[in-house]
Every structure is written in C-alpha cells, then in structure tokens.
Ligand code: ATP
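Just one chain is shown here, as structure tokens, and it is the form predicted alone.
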C-alpha cells in the first residue's frame, strides 16, 4: 500500500489490538467457509451415503447433521464479530481523521484559505473522510475474511489434487489465474481515475451550494435565482456524469467474476470427467472452487472500494501536507504586558508575484493613535496584519517593543493585540459568549461593561429577545451590520490589549452610533497603541499621526492637519470623502 493511503495507516495504530482480534475472527470465519464446507460435502456426506451396509442410529445422524449448521454457526459468529469490531474501529478512526484534519486546518495560514473555497473544504472534511473510512473498513472486513476463505479453498483444492495425483488440475487453475487478475488491475485503474473525478465534482457542487447560501440576499436582490439554478444544475450534471462513469466500472467486476467462476467450474467439470475423477471428489473441488472464486470476487470489491477512494485520500492529503501557519519560535520570548512600541525595518511583502508592501520603514511610539489611509489595495490592511503575524514578511523585520515578532512566542504576541476586522465574524452562540471570546476568563459584568463602552448595551437589552443570552444565529443573521461591528468592538475592548487594530471597524455604523463609538474610543485609546485603517476621515480625528499609503509604500506621514497642507494624495482622498 503506497501513496496517500499509506500516510493514513498510522491512524490504525491505537486500535491494533482490536484490529488483530477482528482479523483473527475473520481468519476463522474464512477458514470455516473455505475448508470446512468443502470437507463436509466431500467427506462426511460421502461417508454416510456410500455406507449402504452400515445402519447409523438417529442420534448419530443428528450429531453428524448438526456439524454443518455448527460450521455455519462458527462462520456466522466469527464473521459477525469481525465485521462489528472492524466497523467500530473504522468509526473511531473516522473521528480521529476528521479531528486531525480539523486540527491541521487551524494551523494553516490565511493565505492558504484565501486560495480555497469553503464548500470544497467542507466536502473534504466530511465527504472525503467518509470515503476513506469506507475504504479501510472494506479492506478490514472483506479484505481479511475472504483472503483466508480463498486460502482455505485453495488449500483444499491442493489437498484433493495431491490425494488423487492430479497435479495437472492445479497447473490448469494457475494457468487461468490471469483471467481473473488482469481485468481487476484494469478496472482498478479506471475506478481510481473516476473516483477522483467524482470527489472533485462533489467538491464543486458543495462550493456552489455554500456560495448560494452565503449570498442569499444578493441572489434575491439581483434576481439571480435562474442563474443560480442553472449553475447548480451544471454542477449536479458534472457529478451525475462522473458518478455514472464510476458506476459503470464499479459494477463490472461482479458479473465478470461470476462468468470467470462458471468458466472455471465448467473447465473443472470437463477435466474431472476426462481424468476419471469421481463425483464425490469433483463435488468437493466444486465447493472449494466456489468459495475460492467467491472470496476473490469479494476481495476485488474491497480493493475496488480502495481504488475508488484514492481521490478522497489525495484530496485530504493535500490538506494534511500543506505547510503550517507561521511557526512560533520554540522557547520564544513571552510578552507578559507589551508597552506597545511598533517598528518596521525595510519590510516587503507579496501575496503573489506583485509586491503589496515595499520597503516599509516606520516607528510608532507606545500610546500613539495612528491612522492609515490610502486608495484601495494600497497595503493598509496588509500592514496591520503583519503585526499579529497573520502573515510573515518576505523581507525586513517587524518589531514589537524592540523584539522581532518571529522570535516571540506566537500565542503571547497575539494576546497583546486586539483585532477588529472590516467584516467581523460572530459565532452561532449567545451575545455574551461572543463578547467573552475577547477574554474567556472575564466575568459577565466585565463583558457588559465592554458592551457599554462599545455602545452595544442599549440595543442588546432593548432589541434582543433574551438580551445578552440571545443566540445571534448563523453568521449573526439576526443582527444588522452596525450591531455586529459594535459587538466585535466590545470583544476587542474586553481583551484590554496594549495594541488595538481597527481595520475599517466603524465602516458599517450609522452616524449616531459612530458618534457614540468615537466617544468611547476617546477614553479607550488612552495608554494604547492604536492602528485605525479608515476610509471615513471622521475617524481620523482621534489620530495623533496618519500614514498615507500608495502602491505599497508610505508616501506621507504626519498629523492630519499637517497632511492637508503637505500631501496632495491626502487632500484628494479627503475631498472625495466630503463630496
């Protein structure tokens, strides 16, 4: 076993005792079928029916007759527990794989997410991992039990051939083996290819569905229902065609193997008759041959399941092998309470080939309220995202309190920063718990104080049915944009961090709420280093200093009043704001 499949075998290690027990039971079940049943048919029945001059008592006959159900009872019990144990292991392993994939996704960089679709990722962590589990279950169940059933049948065929001096029979069967193995290999290759196509198509369908659900308002606002139906049906058609192609090859082995099995039986019949082999021996050979070919057919089905799931293994492996997020330095310095001094030295950064920031050099003293303005795409948001190491610089150095952020303990660095993005995410939990994410150990009273500071307390108490205990709903759909941003601000205020980043954090506020927020910010920015990425110039009234960005460079730096005189770009942006 190689490739992505091999990389997931370590997940079986914690369950090896149970797997070995299941395999042992599978061996017993397979041996009972492959050896026990042919032996009973060829030996026991023959002995009873050929002994015309021997009168067997009823208890003896009942005892002999009970042996056959006994064999099937042994086969059934051991087969059942083989299936049960291996299936439970598969369920537990599926849980482990999903947890491991999810843990890995928490370590992946933001840049990685920006290149992926949510629906496709959901498809991988749910659908693809299920396929993987089914493949390993199939191998653990059928791949064990029927291997030994096949081995048992072959052993009995060899015994009969040796006893009857019919080595040619074994050679004949060996010569016909390629009839079974070549189609299996060819079909396996096709299943591997078609299985990958099905998983990719399923990912595309999940992408379309997730995008439609996220954009439900836009779909209705722009009457895009017909367009969305058409796009989703196109994805459904891709999945349908891929599934049909997969099914075409998936269902082919069973009739093919049955035809080959009957052909082998027919050849055996002709050979046995020509060689003068008696019916009793032929019947034993036939039973052994049946169990051998039947088990081979089931093994092929299990292997085809693995081949069909190769695409799922590869898609999950792409997540597991992706480079982790920026790495924390082992034994890095832990910041207990930062003063808030920030500096950049010749910082350069690019998302792709085109640089986003070029040669940034700046020093921000502790307690400075610094505004960042500039055209869209000038590098303002990227600048502030380098501070908590959402990205690592391509060149240069980012310093906090004189320390290179790459040499600091990552968790302690981020604990010194409160970050409010332009589109804050609220989780499907209570209002209170969403605020407490800023500082999980805080009390209810402290969270309410933070909400008051963010001008959120009034609407929480008067407009939400359960106040702070109201569930905000998926994607906070029950709240307005301004309400969501005020809760995000409350979360940041509760964090009480020495560095505060507001990345367009007041963009969705109405004028009245914005005025209240400004009053709160005037109190809360004291003693903190604050970065305000702003399009609204009214926010810059709080700033001691403003950095003007253009095409990835800082082209002007100063107080707002000074920049009105010295920076043409600043005046231009200000005039556009006041039109």
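Positions refer to the first chain, counted from 1. It should be emphasised that the depicted structure is a prediction, and the values quoted were computed from it without experimental measurement.
Keep in mind the form predicted in complex with this ligand is missing from the figure; the text below concerns it.
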>> Taking 4.5 angstroms as the heavy atom distance cut-off, pick the stretch from 482-490, 453-461, 373-381, 100-108 that is near this ligand in the predicted complex.
In response: 373-381
>> I need to confirm a contact call. Of 433, 130, 415, 356, which residue comes within 4.5 Å of this ligand in the predicted complex, counting heavy atoms only?
In response: 356
> Looking at 222, 427, 84, 351, which is the one with a non-hydrogen atom within 4.5 Å of this ligand in the predicted complex?
Replying inline: 351
> With a 4.5 Å heavy atom cut-off, would you call residue 211 a contact of this ligand in the predicted complex?
Replying inline: no
> According to a 4.5 angstroms non-hydrogen atom cut-off, is residue 504 in contact with this ligand in the predicted complex?
Replying inline: yes
> Would residue 422 count as a contact of this ligand in the predicted complex, using a 4.5 angstroms cut-off between non-hydrogen atoms?
Replying inline: yes
> Even though this ligand is not shown here, does residue 518 get within 4.5 Å of it in the predicted complex, heavy atoms only?
Replying inline: no
> From first to last in sequence, which residues of 90-127 have any non-hydrogen atom within 4.5 angstroms of this ligand in the predicted complex?
Replying inline: 114
